[in-house]
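We begin with a single chain expressed as structure tokens, specifically the form predicted alone.
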């Protein structure tokens, strides 16, 4: 196993250096070499994962010193398959996509170096190796996003991304320094063993070391996974090549979920860090999903969609569902990478003809018209509220009967119920000619998705965290006082029900006149279309900082 975990990053690193040194002689053959080596790396990653599935033991390889350690464990093997698989697809796609671009060989060299850095990052067994790989991912992403040096916009937002990443990098460096100062070693397994044996032994200013490090790690995860207030880099980096946008989902923007799982022994000994993850993730998920709906650029819409999904991933970590977050980031990386690679074809097709059939869905979404025939309100309301929750509870009861004893599990069930209820409510509003068939198909699809999601996430839980006691510790760390938990559930339910009632009566024109309702919607749309004025705020802060620097420069020269 030691040879496999070393071979994984060594293969793309070797091809990257080869393309750089022999770019003039290789020409277009650089792409073939890169793709061939990517196939080998993917096979090695699959072999490593197969071995980890059949063996419980984890392995580590050291360069001989206190750092340069690579871990072969369930988390690194899963992430290695994701990274090598998506990077292989991106390379194959780029062979023709980038053929007319300047710096053809340079692009594949950067792809190879990025893949090697990502593989080292997920397998790092010590803090120094992790920091080096974490930093290199940000630097290489800067060069990939600004690959077209003639584009001022691409260069600007690539630099914006680099600056945002440095915020998270600083927090991670501070966390690493505190851990080394407390435990005297860079090795992650040794640090985690000492924390588990004696949690809370080290304190800074009366605060437990685990709590301080947990908050620093949370900031690092927020910056890398585009969480609220540190999210603006993600939707604005779409001027880069489409293959780069797809590769970002192989382990770059997902890195926040990976970081939380890698430092799970730290987070289980914290008090309020997971609650912060939940709140920030929830806000990010809502804002990202709302902003996605107002975009007229398909890649920017996908970028905000990713922001929403990353918010949900961090929120899952916040309720203690660490392994579920890993499953989420893998599933999201696969389907979102495919969407980015097909974005150009969609744009080209849309320019020729819209190709949208005039059916019930088109009539409801585009023309804003509902058909006259609708089912009774009370019947559909009962189906909307009852069916999703029955499906969710039955699916989770089939997998783990003690699932409902965990607060985090109840929160996830609650969000699943809201999603299913909204889907059925939207189906009712559509007013299709054959409503029962449409509702039946929605329920059937929802049941299949929930059952598959439940079974697979439970399998991830057993694979990543086979120790049942440790799994209970994770959910316990995410728990809150029962009174506040029940109060939050009641308040959220009341808000949702009130929203449904307001929507129903507003459609009947019983609350507002049509012109008043349109005015409200236009005001809200103006707020969302300006992205809640966050980019304007950052632009103003940038100008103010530059002006202050200019005044300071003049003043110093005068002296």
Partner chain sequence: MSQAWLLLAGLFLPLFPLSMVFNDLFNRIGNGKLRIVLLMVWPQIGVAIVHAAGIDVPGWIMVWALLTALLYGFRSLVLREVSLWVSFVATSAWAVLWLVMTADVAWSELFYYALGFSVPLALLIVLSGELETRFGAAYTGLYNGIAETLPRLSGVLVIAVLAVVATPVFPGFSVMMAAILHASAQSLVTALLLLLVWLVWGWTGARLLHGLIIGDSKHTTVSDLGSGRAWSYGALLVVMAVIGMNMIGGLA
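Numbering follows the first chain given and starts at 1. On a predicted model such as this, the values are computed, not experimentally measured, just so you know.
Beyond the structure shown, there is the form predicted together with its partner chain, which is absent from this document and is the topic of what follows.
Should the three residues 67, 131 and 135 be counted as contacting its partner chain in the predicted complex, with contact defined as a heavy atom within 4.5 Å for each?
Answer is yes for this spot.
Any chance residue 343 has a heavy atom within 4.5 Å of its partner chain in the predicted complex?
Close contact is absent here: in the predicted complex, residue 343 is far from its partner chain, nothing within 4.5 Å, heavy atoms only.
Taking heavy atoms only, is residue 96 within 4.5 angstroms of its partner chain in the predicted complex?
Taking the distances in the predicted complex, the answer for residue 96 is no, it never comes within 4.5 Å of its partner chain.
Do residue 203 and its partner chain share at least one heavy atom pair within 4.5 Å in the predicted complex?
No, residue 203 stays farther than 4.5 Å from its partner chain in the predicted complex.
Mark residue 3 yes when one of its heavy atoms lies within 4.5 Å of a heavy atom of its partner chain in the predicted complex, and no otherwise.
No, residue 3 is distant from the partner.
With its partner chain left out of view, choose which of 482, 488, 163, 462 has a non-hydrogen atom within 4.5 angstroms of it in the predicted complex.
The option sitting close enough to the partner is 163.
Of 283, 193, 177, 334, the one that lies within 4.5 Å of its partner chain in the predicted complex (heavy atoms)
Result of the distance check: 177.
Would you point out which of 259-267, 169-177, 308-316, 82-90 contains residues with a non-hydrogen atom within 4.5 Å of its partner chain in the predicted complex?
Selected range: 169-177.
Suppose contact means any heavy atom within 4.5 Å; which members of 133-159 contact its partner chain in the predicted complex?
In sequence order, 135, 136, 139, 142, 143, 149, 150, 151, 152, 155, 156, 159 come within 4.5 Å of the partner.
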